[in-house]
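Next up is one chain by itself, shown in structure tokens, the form predicted on its own.
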């Protein structure tokens, strides 16, 4: 299914030009029409052009009429231009069928769009690190394909065994047997550093009864805990029905930690919130990543070790067992 994909750079300058070109070739080889923003390779300091240049790129992406507006990469740079974004234009583009896709620094844009307009964006791949990889990940590509063809109805993954044990022992939230479901809760979140940096600004949406998903890269568990503490003390976590940990990667523990690790943080969090705390979501700064609708009502279902986030059913009510076909293989992330 041929689609129009618009590539632009709202954050850091593209350093890996080879990966950028490989990504474009990859998408073209799948039959898509790829339009590259005039300033996609611009550079100013560490940014992909100065603030005005990057704002203009966002507005060109919104005006492009593309099916998908895909960032070249994350990095840093969106936070400082949030006040200059024309949110009406972005939300109009989304209503017209353009899906904005990205992750990492892009979380700032996604949260701001959600806070200002309620429009839905997609947490997913970036051009360079994902499509520009020597061998792009099959699950990532399958999920992207689902989004493009309108087949994406949800995603599933296996909860790590450690997660099951810790959930079973924490405050009687036993998951033996039946499991549970949380229906029609707004899915939101993304990069934890970006989320915590937006607390107290007009750009963090006030989500009640939501499912918050988080991921981060190169952040030691104590920093992860500190960011979660900020969301906790700001009252954000108390409003959520579930907190779902994606992938936290590329950090090193030190002798001084004396057993303090990411699992310690998760266990600490479980004692601080009423929300269900789940782990293992295949999303983050990793090759295998699913696509997630940010700002859309979803249903979270857990059965034994299987977790599902379902959104395709929301156009018509289904019972607990009428899952969209989630056994087609590529939705599953094996550990």
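Predicted model only: the values in this text are computed from it and were never measured. Numbering follows the first chain given and starts at 1.
Unshown form predicted together with another copy of the chain; subsequent notes refer to it.
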Next item on the list: Answer for residue 193 alone: is it within 4.5 Å of another copy of the chain in the model of the complex, judged on heavy atom distances?
Entry: yes
Note to self: Since only the chain is shown here, I'm wondering whether residue 131 would be in contact with another copy of the chain in the model of the complex (any heavy atom pair within 4.5 Å).
What the structure shows: no
Next item on the list: Would you check, heavy atoms only and a 4.5 Å threshold, whether residue 198 touches another copy of the chain in the model of the complex?
Entry: yes
Notebook entry, point to check: Can any non-hydrogen atom of residue 157 be found within 4.5 angstroms of another copy of the chain in the model of the complex?
Noted result: no
Check: Should the three residues 4, 26 and 96 be counted as contacting another copy of the chain in the model of the complex, with contact defined as a heavy atom within 4.5 Å for each?
Finding: no
Checklist line | Options 278-286, 62-70, 40-48, 292-300; stretch whose heavy atom lies within 4.5 Å of another copy of the chain in the model of the complex | finding: 40-48
Item checked: Heavy atom within 4.5 Å of another copy of the chain in the model of the complex - the one residue of 92, 241, 223, 116 that qualifies -> 223
Item checked: Listed residue (203, 213, 122, 248) with a non-hydrogen atom within 4.5 angstroms of another copy of the chain in the model of the complex -> 203
Next item on the list: Could you list which residues of 257-279 come within 4.5 Å of another copy of the chain in the model of the complex, counting heavy atoms only?
Entry: 257, 258, 259, 260, 264, 268
